[in-house]
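Alright, here's a single protein chain in two forms, structure 1 and structure 2, each given by itself as structure tokens.
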Structure 1
């Protein structure tokens, strides 16, 4: 590492410091907003300082790249709808992974260092960065609906293992023969990029949040390792902090879904057709009856799911809630840890609609209360209230903690059609005696219920 002027070092140090303060701030609702702003200043300081590195070439090219990438992402980030947030996070994350792999590629192309540790870390960083890049692109495509189904190769796990071993073998060859021949480097990157694609393609949409979080941790680690290669402590600190935080976050999410990470990666959920057949019929209800059931209830628990978000019904649902509360009904929201497409995604969507925190409850907090509820209103949620997860060992979602909506006196389900949930599993709840189906888009249905509630006064 060349010795850099103190103002460059100082800028990077300040950047790293502000990142940690920012992340700390983001870990509590009260200070979260300030946290991201603080981290934002850290980024500006670190980037500005980098321009002062002596002997920096290609400045014009650099400015064009910064403006192109930065402005493009800034505008798309401003425009994206809250419901589409998870795939946006995925794609930005993938870009970071790609950048980390790119740093390694430039180093290899230059012939870079011959120092073993440096080459090892450059190779590892390049491998996980490249996997994160293509994997995140697949995750984006799936959540965006570009890729509709999971593609599963025959002997998928064997293919994954062989590809991973081949990539690692080429990586080892690069370390041993450093500086590596160009063909070797190109082959290594091709394999690493392919690995990200092949590993992610068979993973179902329901598992995608965990995968995005995992790739987020991957990118962090890749950035940290490339930071070592460049001798830049700010990159090491920011990258490793995110790597560690992301790993923990991934574990928390996997735990909430009761899907060990190894299951998500190696035994993807089998779609539809599995699990026991369910007997019985679904019973329909109209909006007027649904309104009456809730109006004359003492306690209603609303279980919102991704379907509510897609229908942009959260504002109507909140209006309906306010009417019910005026009529003296106690209303609470029950949020499953994986409701929406990422943990906490539903909280964000409800916050957008103006629902206060103190009406929103986690699974652990509210599950005991369903027994005392007169009505559980399920809006666009499916798998997270499927009692099959408790009982049917053959079901792909067996063991996932669910909201005990089936224990409420009455269950009303607002749903667009008779289809299955994201996991492709039939929902036994819909066939129970105390369950009524209200077919239709969540937004017009909520609007109709509001009309009826108003006439009931």
Structure 2
């Protein structure tokens, strides 16, 4: 491998530093926007440095690809709704994994390096990149509503293991026989792509935030491995940083659900049996009564869920919050780690509406305050406030840490209907004596509450 000019190495080093500083900025909502911008500049510097590599070929094709990809990303980024951001993240993440697999495929096609370590890393990067690509495509289809249910094969786990072992076996054969024969390469990629599909299809919406995070880690690792194959330090550093961050996030998300990652991948969350009997009845409340309960409360805790996102209600919810605060009511927002369809989904929506960061609290910070709250207002959330997770050992969500909304003096639930959450488990909270149901889409219901609050003075 030739020694690269100092200006190329310097550009890549600077790009890598900017990636790291950008990721550091993304660790806090207050600095996340700046972190994204810094990481973007890092990518710009790294790409510019790549164009300065001596003897680089296909410059015209590279420029065309950059223009097409950049224009497509700019247009889609401008048009995408905030509620559709999870599926956009999923598909972009899949593109990264697919690109890493594509790099490996090109290297295999032209013979590539015969160095054993290089070939091994190329095979590993290709395997996890291909799995991330097809798995992320399935995640996108589920979030977009193209796939409306989970599909599980007979002996699903056995099929997963057989496909994985077969892909690994072909990968080993490619290393041993390097340069690998074309039919071996094709078979390997076919199995890797199929593995991503088969593993992800049975996974339901309740586990989707963890799956997106996992595939993000896969993509980062794949890019890092292929960076080694290409001798590109910027790709190595960026890939490993993303892979490490994605792995940590996946562990945190799995911990938030109190489910091991193996359980999420191989034991989809589905309701089994009737579980404990739920006593009581659902009791409805009207917008005017809901407004009065919150207007004359001392403390209100709002729990947003995916129903708020679907209804585009975050702006109305913040307007309602401002009216309550003007009346002297203390209002806080409680966010469960897996609320929504991707990590941090609710935080992003609330930030878009202008909710200050110091009013948004995660589960550990806010859970002890529900007992002192006069009203817990739940907007489109379900499983993350289900007390069944504490009591019913037969429930698929048993042991999952939940927001203690049931401990508030009064609970108001804005919900479109009487259906269950992603897990398919009936929510015992909705039947308790202190809970009232306000049926309807979150945005018009919040708008009605706002009108009543204005008349209460």
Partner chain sequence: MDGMLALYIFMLAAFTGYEIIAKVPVILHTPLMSGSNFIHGVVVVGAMIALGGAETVVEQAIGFFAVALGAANAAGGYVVTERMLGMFKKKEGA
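Positions refer to the first chain, counted from 1. C-alpha atoms forming the largest set that superposes within 1.5 Å between two forms make up the rigid core. Keep in mind the model is a prediction, meaning the values are calculated, not measured.
Novice: Given these two structures of one chain, say which is the form predicted on its own.
Specialist: Answer is structure 2, the other one does not fit.
Novice: Aligning on the rigid core, do we see the C-alpha of residue 447 shift 2 angstroms or more between the two structures?
Specialist: For residue 447, whose C-alpha is compared between the two structures after core superposition, the shift is less than 2 Å.
Novice: Answer yes if the CA of residue 11 moves 2 Å or more between the two structures after aligning the rigid core, and no otherwise.
Specialist: Yes; residue 11 is a residue whose C-alpha shifts (by 2 Å or more) between the two structures when the cores are overlaid.
Novice: Please state whether residue 389 has a C-alpha shift of 2 Å or more between the two structures, with the rigid core used for the fit.
Specialist: Result for residue 389: no, shift under 2 Å.
Novice: Report, in Å with one decimal, the C-alpha displacement of residue 20 between the two structures after core superposition.
Specialist: Value for residue 20 between the two structures: 2.3 Å of C-alpha shift.
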